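One chain comes next, on its own, written as C-alpha cells: the form predicted alone.
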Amino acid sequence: MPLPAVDDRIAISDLATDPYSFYRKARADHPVVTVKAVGRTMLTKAADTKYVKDSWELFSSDDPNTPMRRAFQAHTLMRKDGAAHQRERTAMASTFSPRNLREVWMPLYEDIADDYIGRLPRGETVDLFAELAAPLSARCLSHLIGLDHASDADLCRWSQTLIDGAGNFGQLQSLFDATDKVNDEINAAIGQTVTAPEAAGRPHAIAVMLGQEAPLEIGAIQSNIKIVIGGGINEPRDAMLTAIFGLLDNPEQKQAVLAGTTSWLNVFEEAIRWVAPIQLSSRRAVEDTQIRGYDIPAGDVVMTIQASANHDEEVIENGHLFDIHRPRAPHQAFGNGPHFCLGTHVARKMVADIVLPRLFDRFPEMSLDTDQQVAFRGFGFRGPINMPVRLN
C-alpha cells in the first residue's frame, strides 16, 4: 500500500488564518495527507476521524511529540488511554453530573449572565469578545473548578497561554516560556483552594478530586484543572461568539430564532459545527494499519480534523454556510469515543439556554459594526478574536 501524499507547502500560519480552504481541497484530492509543517498525517473525512477516535485500542491518545506535554508540564489525561484515562476523568465527573448542572451550576450561571449582560451599555459599540464572552466564560468556569478567587483576566490569560502552548507545533520557545510562568501561577491558585478549610464537600472539580476514596495526587489534580481551564473557557466563549456572528451576519435567521420558529439549541449546534472551537486532535497508531488504502505505520501520528469532518460533503450539504434551518446532522465538535468532551452539557446549556436568549432579549436589534471586520483565527483552537457590535 502507498504512503499518504505529503504537503510541504502549507504553513501553520496559513492554517491559523484560513484552514477551511485547505481542508476542502484535501477532502477532494488527498483526504489522508501528511502535512510537513505539523509533522502529522491529517484525516479530513468524517468517517475517518470518527473511526480513529472510536478505535482507541488501535489509535492511542499518547502522541509522544505533543507540545501539550511541554506546555502543561504534565502527561495529561488527554494523552492517556484506558484505565489511566478513565481514573482521572471519573475523578471529576460528578462535578458535571445532571443534578449539579440543574441544581448548582445553571442557577449560578443565570445570575452571572444577568450580571455581565446587565453591564453592557445600550446604544454603544462594544467588543463582545472582551466585554462579555471571555470574562463571562471565565467567571462561570472559576466556580466549576474551584478557582473563584482568581480574576477573570488571569483565567482568560491562563487559558489562552495554555492553548497557544498546546498548539505550539512549531516548537517556539517564547510560547513555552509563557506557559512555564502560567503553570506556576495556576499551581499556586490550586494550592490556595486545596488548603482552604471550606473546600471539602463542595461540588467543584478540585474538591471532588480531593474527596475521592483514593484521592488524586496533586500533580494529577493540577493537570486536570489546567485541561479544564484550557478548554472550558475557549469552548463556550468561541461557540457564543460564532453563534452571535452567524445570526448577525444572516439577519433572516436572527429574526427566525427571535420569532420562536427555531430554537437556541439549533443555533448553538450549528455554530459549533460551522466553526468547531476545538478543531483537531492527535492519535498515534500502535500497530501498522491502513486508512483509505494508505499505509499508516506503527508509531505514526494522525491528526483527526473534526473541523473538516464537520464540513464533509458526504455528511452535510454546503457545510461552509451557517444555516440554523438545515436538517440536524451529526457533528464531531465535541469529539467522540472515550475522550468525548466532559463539559459538553455545561457549554450547551450555558450558551443555548442562558447567554444567547438573555443577550438577544436585551439587545434584539444588535448589529455588527460595519466599520470593523470580525476576524476568526486559530489552527488547533478556532473562533472570533473580536466581535464589534452596536448594542441596540
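Note that the structure is a prediction, hence the values are computed from the model and not measured. Position 1 is the first residue in the sequence shown; the rest follow in order.
Just so you know, the form predicted together with protoporphyrin IX containing FE (HEM) exists too; it's not on screen, but the next bit is about it.
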{"property": "Partner contact for Arg283 in the model of the complex: protoporphyrin IX containing FE (HEM), 4.5 angstroms, heavy atom", "result": "yes"}
{"property": "Any non-hydrogen atom of Phe96 within 4.5 angstroms of protoporphyrin IX containing FE (HEM) in the model of the complex", "result": "yes"}
{"property": "Contact label in the model of the complex: Gly146 to protoporphyrin IX containing FE (HEM), heavy atom within 4.5 Å", "result": "no"}
{"property": "is_contact(Gly343, protoporphyrin IX containing FE (HEM)) in the model of the complex, heavy atom dist at most 4.5 Å", "result": "yes"}
{"property": "Location of protoporphyrin IX containing FE (HEM) contact in the model of the complex, chosen stretch of 288-296, 266-274, 153-161, 120-128 [non-hydrogen atom, 4.5 Å]", "result": "266-274"}
{"property": "Triple contact flag Met78, Pro236 and Ile278 to protoporphyrin IX containing FE (HEM) in the model of the complex, non-hydrogen atom at 4.5 angstroms", "result": "yes"}
{"property": "Protoporphyrin IX containing FE (HEM): the contacting residue among Gln222, Gln306, Asn168, Thr179 in the model of the complex [heavy atom, 4.5 Å]", "result": "Gln306"}
{"property": "Residue (of Trp56, Phe360, Tyr51, Phe334) lying close to protoporphyrin IX containing FE (HEM) in the model of the complex, criterion heavy atoms within 4.5 Å", "result": "Phe334"}
{"property": "In the model of the complex: members of 226-261 within 4.5 Å of protoporphyrin IX containing FE (HEM), any heavy atom", "result": "Ile227, Val228, Gly231, Gly232, Glu235, Pro236, Ala239"}
